[in-house]
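Below, in structure tokens: the form predicted on its own, a single chain.
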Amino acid sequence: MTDILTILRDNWVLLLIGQYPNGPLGGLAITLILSVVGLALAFPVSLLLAIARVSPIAMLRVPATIVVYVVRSVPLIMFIFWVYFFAPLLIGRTVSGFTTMLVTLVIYQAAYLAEVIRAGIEGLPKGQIEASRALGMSYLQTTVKIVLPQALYNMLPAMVSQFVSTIKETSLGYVISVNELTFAANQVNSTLLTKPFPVFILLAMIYFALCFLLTRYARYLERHIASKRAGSLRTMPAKPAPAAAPV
């Protein structure tokens, strides 16, 4: 434990922000930036994929289903290598490790988030959709005004959990020299040479603390949404009793 505290005391700046401001930003800061920006850019893509997945139009539903199934069936490390080697060939210039990792996370997380949103859409009572269509709303109006607001709200805990997964997946950026938290920890290990176990135990503790807090927050959101649902159900007016049939 003494070694871990000593390593943390001597290297906390490198683990937190890398060599910034005298060098590139790195460490935990890059891990969080990759996770937040990656998930934010993946969200609109996942929204379109989810809508296409539940669409009654086969020309939209089938390609979206194929994309989601293919992406979810391939390991993330393979996507990292594909983007790393093929992106420079496509655009004709080199791509940084950060950009490669960001593009990979957007593609990968879009497929997983699409399934989260699709589950939220399909979990809504069918009666709401039928009622909105009976009131004259189009399919698009029903989706945008009735379905999506409820589905996204209900899926907030699952989205936070997806954010936790994204944080852990950024550690794979180490293989293409992205200066994130795992890369910074390996730099510390290369400097010390004789203390790999304390360094990587410290790395695991940082990931655990971050992911544990976010998981607890997801659990809090889940309870909050469940209590709001229960409250709204309790406040719903009781159905009037049917009138007695005349004798």
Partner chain sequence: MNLKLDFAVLLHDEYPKLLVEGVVNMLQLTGYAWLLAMILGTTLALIRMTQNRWAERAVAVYVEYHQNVPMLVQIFLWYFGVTTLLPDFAQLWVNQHHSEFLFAIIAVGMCMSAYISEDLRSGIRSIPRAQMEAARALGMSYLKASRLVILPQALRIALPTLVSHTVLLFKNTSLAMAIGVAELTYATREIESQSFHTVEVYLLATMIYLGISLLIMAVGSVLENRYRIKAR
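Residue numbers count along the first chain shown, from 1. Note that the coordinates shown come from a computational prediction; the quantities given were computed from them, not determined experimentally.
The following text describes the form predicted together with its partner chain, which does not appear among the structures shown.
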- Among 191-199, 22-30, 38-46, 55-63, which stretch has residues with heavy atoms no more than 4.5 Å from its partner chain in the predicted bound form? 191-199
- Taking Arg72, Val164 and Cys211 together, does each of them reach its partner chain in the predicted bound form with some heavy atom inside 4.5 Å? yes
- Does Ser171 reach its partner chain in the predicted bound form, with heavy atoms at most 4.5 Å apart? yes
- Query: Though only this chain appears here, would Tyr139 touch its partner chain in the predicted bound form if you measure heavy atom gaps against 4.5 Å?
  - Reply: no
- Task: Answer for Ile77 alone: is it within 4.5 Å of its partner chain in the predicted bound form, judged on heavy atom distances?
- Result: yes
- Task: Would you check, heavy atoms only and a 4.5 Å threshold, whether Tyr108 touches its partner chain in the predicted bound form?
- Result: yes
